[in-house]
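As structure tokens, one chain now follows by itself in the form predicted alone.
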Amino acid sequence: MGEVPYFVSLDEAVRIAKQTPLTLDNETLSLDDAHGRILATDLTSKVDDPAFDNSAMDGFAMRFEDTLNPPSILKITGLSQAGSDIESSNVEAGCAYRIMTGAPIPKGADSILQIELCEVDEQQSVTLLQQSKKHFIRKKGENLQKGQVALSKGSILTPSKIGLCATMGYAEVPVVTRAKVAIISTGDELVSPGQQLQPGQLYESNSFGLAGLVKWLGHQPHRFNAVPDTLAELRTALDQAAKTCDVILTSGGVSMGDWDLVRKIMEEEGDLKFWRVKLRPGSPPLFGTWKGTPIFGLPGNPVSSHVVFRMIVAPWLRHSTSATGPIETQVRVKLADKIKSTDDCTTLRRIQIHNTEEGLIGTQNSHQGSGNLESLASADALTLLQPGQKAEVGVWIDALIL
């Protein structure tokens, strides 16, 4: 392998990959089209929110000092509804304004009492059964102040963040252009789902799972047809991917066998940055560039390819785009089953999570072979066991919620 780092730690693999970041442009999208995208710049609010003092309740607005000895009877002298212009209003001593939720606070008023604590007499007077509440007034700018950075570069534009963009006055926002991610599975045995299997053949599944992970991160997958085990056809596919996409993911062909052609072609013709990682499952991956395009060679076993994507490819993509998410939630889990760990690798076993009075309990119900995709599909989390860490029954460990 020469100077190429070999069998590196997980942290080292991520560090090396980040030295070759993806470079993407920005584009401006309407809020309707920006859901799930990565914000390209900090956003400052164009307005104060609220834009004016307003009521948090349906009820009456009055001077607090007029309500100190309930029940208090006040004269109704005005009405404030949402959208009202009450610039000329003035709540004098002994008076109250009928007010609706979200309506501006009339001048002179400094408190609210909700309607259910009021008795109205023919719309001319109101009896207050309690003291009024000053905290039922939403103050101008208490949520956001004009010029305040409310969303930072790299934020994932979730529904609530899209709503916040609108609140701040934006009809469109700058976002990072989606990365075009080529996904190429390799192997003579692979057949597309829906075809009739012949002896020795398997349905190709990795590209579908990897495409879902790419979409999860907000980018654009491009699945290629599975490539047979020939250097010529693999080279053609890699060349096409490098011309049309920003990054290449391959699946299979990265281990130590004679027919592991992704490893072979990268050693001979690519620019290899590392090969093999101290990760279980998923130790064979490689990273480098193919004719200037970043390429991750993922293992062929479906669980391994998924794990390597989450642990190496996803951090690299988030780093390249300054994205703050999406990312797995790390939790503490008490093991109800013994988990097999390793002395030299970060170990990610598939577990189920049960919420109990004692806390989160982790069980391992499935065969853990890296070819058993059902064990991943039925899992709630991955263990995050550090090299040499024991995982006996009753031990609390870190886990990543899927």
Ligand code: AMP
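Sequential numbering from 1, following the sequence displayed. These numbers come from a predicted model, not from an experiment.
Another form, the form predicted together with the named molecule, is not on view; read the next lines as being about it.
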Query raised in the report: Though the named molecule is not shown, can you say which of Gln130, Thr158, Asn225, Ser205 has a heavy atom within 4.5 Å of it in the model of the complex?
Result: Ser205
Requested in this report: Note which of Leu190, Val307, Ala179, Ile248 lies within 4.5 Å of the named molecule in the model of the complex, where distance is taken over heavy atoms; exactly one does.
Outcome: Leu190
Query raised in the report: With the cut-off set at 4.5 Å between non-hydrogen atoms, does Pro302 touch the named molecule in the model of the complex?
Result: yes
Query raised in the report: Would Thr321 show up as a contact with the named molecule in the model of the complex if we use heavy atoms at 4.5 Å?
Result: no
Query - Contact of Gly282 with the named molecule in the model of the complex (heavy atom, 4.5 Å) - result: no
Query raised in the report: Quick one: is Asp260 in contact with the named molecule in the model of the complex, heavy atoms, 4.5 Å cut-off?
Result: yes
Requested in this report: Considering the named molecule in the model of the complex, find the one stretch among 147-155, 71-79, 250-258, 236-244 with heavy atoms no farther than 4.5 Å from it.
Outcome: 250-258
